[in-house]
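Quick heads-up: it's one chain on its own, the form predicted on its own, in structure tokens.
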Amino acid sequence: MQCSSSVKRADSVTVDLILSNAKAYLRKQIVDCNIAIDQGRIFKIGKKTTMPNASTTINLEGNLVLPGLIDAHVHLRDEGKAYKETFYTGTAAAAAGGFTTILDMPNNAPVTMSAETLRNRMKTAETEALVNVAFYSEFPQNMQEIPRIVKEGAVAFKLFMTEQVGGLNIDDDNVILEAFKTLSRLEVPVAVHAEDKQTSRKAETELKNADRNDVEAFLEAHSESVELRAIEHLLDIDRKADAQLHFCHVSTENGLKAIVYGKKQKMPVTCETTPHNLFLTADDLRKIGMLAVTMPPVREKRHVTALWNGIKNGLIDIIASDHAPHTLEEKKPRSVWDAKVGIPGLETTLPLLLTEANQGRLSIADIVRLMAEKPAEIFKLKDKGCIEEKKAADLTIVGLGIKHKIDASRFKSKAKYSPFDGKQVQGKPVKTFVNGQLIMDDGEIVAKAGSGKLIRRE
């Protein structure tokens, strides 16, 4: 996706908003500029002298303007799981974290797996969302309904390989193949949670029988081989289907190598990793305990190193939070097998990555590529991913030098806990604009519920 801008003399018009004194990421470099916004779109980018008149001007005081960031892996809950998170609290967390567009996962109550459940979910979100929301669907029981779900607006499908969530029998390779072929014809991606069910279930049973119920046992049940087997298995199936296959939350060195091998074979394969897999190790899990339990789990240091190398070398396509809110009680049972897996990540992802950018481990270009350009490309999100005239005015404003501590008690999410709570970071989202409207300002939500838009596949 190529982004560009032009500088012309201002016409004699009055626009809705001008963002002045900005440093914007344009055409792979940071430039001093002003940005004029009108009717939710970027009207002009240029010097102050080229700007039209504006109803409102906001001085960004030299802060960095990034394309609105996209989180391609978010569990917004609501409906039957509203006690964990609602569309309002989840999208408030997104806006506070600097995200302007998020993709909602389908393992809800009810599961999003039909045109009807998707339609109802969109209706619920429409009056609550503060940022743009696109939707995954699970596979339906009747595979002939897939085109109807796509027509209803699903931008992608999700396949959980650890347990059957939707209507597709994950133990039947022929059924998976036919589902992949259907999505290939429709040119719709499928995102997969790649952990081999049989391997993990067998290990879990043996560990339970041995009265093992701690985080160490969880690590053993979700070993490196559990991920690798599922990745290799799905790649084998997709060689016959040629569906656009996106591997979620890759956590292991050999898992990433298998995906890279698929890419070298010109397969339509992409992958993501998460901040917790980049910033936490198995040793951290042993110290923190069940609050940091996720699937797949955080790994030993060599895997973390491999993931960072994968980012450096462009082998990992995107970073996504895998925001998975639960109640604190659900995260602190006596047995690890009863712990709800996942952690909230919308409000910690960008500060963690900006800290690495300040320390030279990442560049701003890397962050934009991983969390704006590539997610927009993979999931075909029109008008998203870059700052360009005539495109939607989705913008993330960042104070690069701001030092602060992550404080989970102040999260907008209902899940007010984090394995990163108390961590010192440098770099913070200070304003979030969605379709030209200021949604978050200095940590506070300043827009009304329903300000965000629903994104449907076009």
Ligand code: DOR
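The numbering used is simple: start at 1 and walk along the sequence shown. All values derive from a computational prediction rather than experimental measurement.
Keep in mind that the form predicted together with the named molecule is not shown, yet the notes after this line are about it.
Trainee: Is residue 193 near the named molecule? Define near as a heavy atom within 4.5 Å, in the predicted bound form.
Mentor: Residue 193 belongs to the contact set for the named molecule.
Trainee: Would residue 279 sit within 4.5 Å of the named molecule in the predicted bound form, counting heavy atoms only?
Mentor: Outside the cut-off, so no.
Trainee: Given that the partner is absent here, does residue 75 sit within 4.5 Å of the named molecule in the predicted bound form, heavy atoms only?
Mentor: Residue-level check for residue 75: yes, a contact with the named molecule.
Trainee: According to a 4.5 angstroms non-hydrogen atom cut-off, is residue 160 in contact with the named molecule in the predicted bound form?
Mentor: Yes, residue 160 lies within 4.5 Å of the named molecule in the predicted bound form.
Trainee: Using a 4.5 Å heavy atom cut-off, which residue among 176, 228, 118, 295 comes into contact with the named molecule in the predicted bound form?
Mentor: By the 4.5 Å criterion, the partner-contacting residue is 295.
Trainee: From the list 189, 140, 262, 342, which entry has a heavy atom within 4.5 Å of the named molecule in the predicted bound form?
Mentor: Of the listed residues, the single hit is 342.
Trainee: Within 4.5 Å of the named molecule in the predicted bound form, counting heavy atoms only, one of 369-377, 334-342, 197-205, 302-310 shows up; tell me which.
Mentor: That would be stretch 334-342.
Trainee: At a 4.5 angstroms cut-off on non-hydrogen atoms, which residues of 370-407 are near the named molecule in the predicted bound form? List them in order.
Mentor: The stretch does not touch the partner at all.
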